[in-house]
Each structure stands twice: as structure tokens, then as C-alpha cells.
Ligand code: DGL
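Single chain ahead, written as C-alpha cells, the form predicted alone.
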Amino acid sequence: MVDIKLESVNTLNKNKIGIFDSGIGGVTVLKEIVKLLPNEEYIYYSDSKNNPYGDKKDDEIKLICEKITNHLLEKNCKIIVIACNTASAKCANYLREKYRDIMFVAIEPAYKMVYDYAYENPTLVMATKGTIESERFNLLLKKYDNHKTYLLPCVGLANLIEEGDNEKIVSYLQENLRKYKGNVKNVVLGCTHYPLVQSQIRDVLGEVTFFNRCV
């Protein structure tokens, strides 16, 4: 879920909005922000080298995110959007403590939207292993649990999306999702990469309602 309530911020000597993700997935977030703030200047940092974050240890993710933050600050960013669910879950509070003068916008899986709009329906949460195991997501799940929720750590899916091999993506989805066909009505796309293959997911699961961001 992306809670995009950004306003233009006048920070001395800083005039850009920085957005980063572990690859191309964060472009889905960037597009929504540009719709809201079309007159801002943006820097998008695609960290495909370290993709995916969801399979890494917490300390490693923090080090990666800190290096990217420093790079974006050098480029005069006044706001930094963490367009990665895993990085948001593992590092948002850490980065806010370390860089107190910078606004960080973090995202999280859109599970609350299920609570708000489709509580009665069986739900599948697709996310990285790191996101599903994170304290932040489990607090979210505990608070809004509809008690009809399946959690699926999609190990390797973000990598396949980065590679762009549709045949491999379809094979992966068929193998991992077919048991949920007819059993779920809601699908939470808990990684910014996953909306890029939403149509392929629907081909396997049938008619489901997707929840991936709040704008």
C-alpha cells in the first residue's frame, strides 16, 4: 500500500523527490506519484544489482538502503520514497531516525484495504519472504486479520519479473497459484514488482480483486 499524501516541500538546497526499489517494480509507485505531483523533479534509483531484498538479512538490507539514501541526498532530494515493501518493513524507522531532516515515505502491503472494502472475502497475500516475516507486516496482519487469509512468500518471482521472461513467469505462477484458484477472491500484491504481472496472475486465479496500493 502506498499512502501517497505528499505535498511540495521547500527544503533548503533540496529540490527533488527520490524513489528507490530493488529493481523496476517501484516504477509502478513512481507513476502514481507523478500523477499527484506532476511539477516535481524525480530521481528513480533501480537497484537491480541487489534484487531481491526479500531474501537478504536485515543488516544487509539496512546497509544497502543507507547507501542509496546517501546517493539520493547527494542528488539534492528533499523527499525519499521507499518503493519496496521489504525495505519499508525493515528500514523505514531506521532511516527516519538516522536522517531526521528528510521526509521518508514508506509503503506496505495493502492489507488494510481488504479490511476496509472486502473483509468477508478469502484473501491471498503475495509478497517476498522478507515482507511476510517482517514485524511490520505481522502487526498489520494482526490488526486487520479477516481470518480468511493465506500468506504466500513468492521466492524468486521478483527476479523473474526483472528478467522479463514471460514463459518462466507463467510457469512459476501456475505452479504456485493454481491451488488457490476458486478459493480466494482478494489478492494483495505485496511487492511493487507484482502489479507488472497482474494479468498473468488473473489468468491463473480467475476473476479476483487486486489490492496493491492506496493513492
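This one's a predicted model, so the numbers in the text were calculated from it and none came from an experiment. Residues carry their position along the shown sequence, with the first being 1.
There is another form of this protein, the form predicted in complex with this ligand, and it is not shown here; the text below is about that form.
Listed residues 51, 176, 149, 46 were compared with this ligand in the model of the complex; 51 is the one with a heavy atom within 4.5 Å. This ligand is not drawn, but in the model of the complex it has no heavy atom within 4.5 Å of residue 187. The closest non-hydrogen atom of residue 33 lies beyond 4.5 Å of this ligand in the model of the complex.
In the model of the complex, this ligand sits beyond 4.5 Å of every heavy atom of residue 68.
None of 116-124, 140-148, 91-99, 77-85 except one has non-hydrogen atoms within 4.5 angstroms of this ligand in the model of the complex; the exception is 77-85.
Heavy atoms closer than or equal to 4.5 Å to this ligand in the model of the complex belong, across 113-135, to the residues 128, 131, ordered by sequence position.
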